[in-house]
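Have a look below at one chain only, the form predicted on its own, in structure tokens format.
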């Protein structure tokens, strides 16, 4: 096949679509920005790509709660199309607000029981918007976007990033069955309180995947670290050792597509 093809979603309030497109193009993908209304009118847009990305921002002003309105649109109009998209072996990535949307549609972690959500996201424990860099540790080896065991450093910026589960049994299942994709850790890979965990997520959860490993949602922003000069201490570090670690998430997605389609 030719280049991997990706759609980056547009909607009112989304504001990271251009950075996300740039990151995917650096990774080698052919990228289109497509508005949610165009996809609702013509779901066949999804047939022409292998990666669907929900970027960060404040979709519809995060009215009601973060990502809720966009999640409602997708549930009502695109549930079947996206279910088929994933069943066909394709990839879905949600970043920041996109992660919130995927959780509130039920695509992540995909463990609905009796129509009750098993997971949601809510206000940060600090009660304010947190904008800081964090270390992330992969917690499963099945997510195709992540290199197992490779700790990465990314910026995060959100006000409603706290992952909460319905109960302890749900949290245990997420951990034991590999739904937890990423953990907030320190530079040595250890979990800890704020600011290591910037929002108070239960179990230090920073990202989730589904049972296929081809859907990933995370609160930190990989599209904001795709060049060395985006690192907050780039002038002090040895350039040959400084890796733009956000780019790896997009590059692995593109490589997966090229290997499987």
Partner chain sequence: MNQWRFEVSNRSGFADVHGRSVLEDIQACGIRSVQEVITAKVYLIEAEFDRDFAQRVGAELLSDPVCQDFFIGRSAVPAGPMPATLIEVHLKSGVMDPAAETVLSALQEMGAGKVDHVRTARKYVLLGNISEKDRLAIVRRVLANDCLEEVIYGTEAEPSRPRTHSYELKIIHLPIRELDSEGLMRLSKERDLYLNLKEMQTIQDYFRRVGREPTDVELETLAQTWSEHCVHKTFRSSVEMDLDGKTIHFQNLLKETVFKATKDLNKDWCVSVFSDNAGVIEFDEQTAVCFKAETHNRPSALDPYGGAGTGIGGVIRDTMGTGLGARPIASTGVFCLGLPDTRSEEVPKGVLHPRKVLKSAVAGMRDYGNRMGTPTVNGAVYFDDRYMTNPLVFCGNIGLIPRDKCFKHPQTGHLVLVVGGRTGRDGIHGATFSSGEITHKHEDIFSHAVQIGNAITEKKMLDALLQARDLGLYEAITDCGAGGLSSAVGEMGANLGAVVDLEKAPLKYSGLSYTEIWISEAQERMVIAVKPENLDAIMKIFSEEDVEAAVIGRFTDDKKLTLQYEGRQVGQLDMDFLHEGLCKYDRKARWKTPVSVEPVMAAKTNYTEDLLAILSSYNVASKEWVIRQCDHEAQGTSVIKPLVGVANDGPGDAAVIRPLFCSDRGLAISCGMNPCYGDLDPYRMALSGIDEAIRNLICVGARFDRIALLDNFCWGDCTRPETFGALVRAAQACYDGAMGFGAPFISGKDSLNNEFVCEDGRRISIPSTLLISALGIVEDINRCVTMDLKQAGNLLFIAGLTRNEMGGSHYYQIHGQKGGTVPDVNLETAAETARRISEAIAEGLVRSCHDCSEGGLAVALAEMAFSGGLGAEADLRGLPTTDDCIQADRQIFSESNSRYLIEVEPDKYERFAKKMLNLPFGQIGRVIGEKRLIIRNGRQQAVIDADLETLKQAWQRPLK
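Positions refer to the first chain, counted from 1. All values reported here derive from a predicted model rather than from experimental measurement.
Quick note: we don't show the form predicted together with the partner chain, though the next part is all about it.
Using a 4.5 angstroms threshold between heavy atoms, residue 230 counts as touching the partner chain in the predicted bound form. Mapping the unseen interface onto this chain, residue 63 counts among the residues with a heavy atom inside 4.5 Å of the partner chain in the predicted bound form. The partner chain in the predicted bound form is not approached by residue 252, whose heavy atoms all lie more than 4.5 angstroms from it. In the predicted bound form, residue 224 approaches the partner chain with a heavy atom inside 4.5 Å. For the options 152, 78, 119, 92, the one in contact with the partner chain in the predicted bound form, meaning a heavy atom within 4.5 Å, is 119. Though the partner chain is absent from this view, in the predicted bound form it lies within 4.5 Å of a heavy atom of just one residue from 142, 173, 84, 166, which is 166.
Stretch 68 to 76 is the answer when you ask which of 142 to 150, 68 to 76, 84 to 92, 176 to 184 has residues with heavy atoms within 4.5 Å of the partner chain in the predicted bound form.
Within 4.5 angstroms of the partner chain in the predicted bound form, the stretch 129 to 146 places a non-hydrogen atom from each of 129, 130, 131, 132, 133, taken in sequence order.
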